[in-house]
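One chain is shown next in structure tokens, namely the form predicted alone.
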Amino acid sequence: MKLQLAIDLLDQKEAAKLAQEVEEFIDIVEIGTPIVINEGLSAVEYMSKSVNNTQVLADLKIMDAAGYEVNQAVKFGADIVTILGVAEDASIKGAVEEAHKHGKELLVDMIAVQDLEKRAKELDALGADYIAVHTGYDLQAEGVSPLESLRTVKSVIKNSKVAVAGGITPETIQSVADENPDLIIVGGGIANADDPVEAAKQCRAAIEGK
């Protein structure tokens, strides 16, 4: 089980500093969509040069021109790139092919997918490396949890790994870890903590069963 830190609301230098502070406890660091929108792929490049043994994920949430956009992210140092599950099959296929051509991975974000079971089966067949159930900020505000979606996706996929994101904190991560996903994504639960290093340490301990 891997732990990913999602960073959305810092600039690229602050993001890199945070990643370096918690690097021993995380496996993947995410340059979130807001940072990419604000600063471009240079933020991905800066992060990739700032961490040593941690994969860098570019949360592009690709919807079209997928092969090109994956290629660009990889050029700037991304190890994993995200595409939306609601994208066309041709886009998913193009993104998978481009990522794998460079020895990189594709994470499909299931935000806004209506029929999780059906789409997860299709994405599994299309070769997605990760299928991520994601309760977005707007639904989190309404009290929605990703756990039921996680169980649904896990029950139908055969090859892809499953990831989970959406309001997970050091206080709630144990219930998520108990479902045994391949990747748990924590954002503000670490990034906005009074002591991010301690928060990351707690998350790591939870997924390692300590």
Ligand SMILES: O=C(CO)[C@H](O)[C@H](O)COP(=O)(O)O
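In case it trips you up, residue 1 is the first one in the sequence shown, and so on. Keep in mind that this is a model prediction, so the values were computed, not measured.
Not on display, but discussed next: the form predicted in complex with the ligand.
Segments offered: 65 to 73, 45 to 53, 174 to 182, 160 to 168. Contacting the ligand in the predicted bound form at heavy atom distances within 4.5 Å is 160 to 168. The ligand is not drawn, but in the predicted bound form it has no heavy atom within 4.5 Å of R151. Using a 4.5 angstroms threshold between heavy atoms, G188 counts as touching the ligand in the predicted bound form. For I207, no non-hydrogen atom is located within 4.5 Å of the ligand in the predicted bound form, even though that partner is not displayed.
Put simply, A6 is close to the ligand in the predicted bound form: some heavy atom of it is within 4.5 Å. Taking a 4.5 Å heavy atom cutoff to the ligand in the predicted bound form, the contacting residues in 39 to 70 are D59, K61.
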